[in-house]
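Okay, here we've got a single chain as structure tokens, the form predicted alone, with questions on binding and movement later.
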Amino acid sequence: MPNLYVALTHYPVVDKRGDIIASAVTNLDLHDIARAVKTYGVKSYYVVTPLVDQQSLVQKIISHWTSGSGAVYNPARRSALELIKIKDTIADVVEDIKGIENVYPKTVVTCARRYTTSTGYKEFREILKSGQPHLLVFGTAWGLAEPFISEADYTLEPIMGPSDYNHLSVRTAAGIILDRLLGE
């Protein structure tokens, strides 16, 4: 299994004007990414938001599926949502992983824009074989803020289709990227 962690961050992300914002949590992102993370053997799925009301919402949804009536109704969903951890910041995520691994993870960001320094999926699959912990970060809204991207250890190549349109939902992008990195 890969030594990979996933984070879905709601801050720092940008809106359609490019302003740095904190975005809202969506129920579908929680469920669908948790299911993909579980399928591909990722160690934990962090949901990152500094907004207390959004953290409460995430906890309420998780609780329903892990200890409420949803846990009995759908045990498979429970096992996926049990992987979710809620954190205020990516720095908190990195510290949590260090506490588990005894070493800081390398950070890997995703973006719909191509950078000259972007790392390809085939290349990154090889990097993952090192066994070193890596944190794969997905952004919500219109993507991760540029200052955050520039501080990452790696930026993955964007997912490109045959058209000029390039604005996948984060849960779709997460599924595609996890399959490219960890699929058979």
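As the structure is a computational prediction, the values presented were derived from the model and not from experiment. When you see a residue number, it is the position in the sequence shown, counting from 1.
Omitted here: the form predicted in complex with another copy of the chain. The next part is about that form.
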Original post:
All three of Val52, Val58 and Gln132 touching another copy of the chain in the predicted bound form at 4.5 Å, heavy atom to heavy atom?
Top reply: no
Original post:
Does at least one non-hydrogen atom of Ala22 fall within 4.5 angstroms of another copy of the chain in the predicted bound form?
Top reply: no
Original post:
Counting only non-hydrogen atoms and a 4.5 angstroms cut-off, does Thr26 reach another copy of the chain in the predicted bound form?
Top reply: yes
Original post:
Is Ala76 close enough to touch another copy of the chain in the predicted bound form, meaning at least one heavy atom pair within 4.5 Å?
Top reply: yes
Original post:
Given that the partner is absent here, does Tyr40 sit within 4.5 Å of another copy of the chain in the predicted bound form, heavy atoms only?
Top reply: yes
Original post:
Using a 4.5 Å cut-off on heavy atoms, what residues in 1-33 are near another copy of the chain in the predicted bound form?
Top reply: Met1, Pro2, Lys16, Thr26, Leu28, Asp32
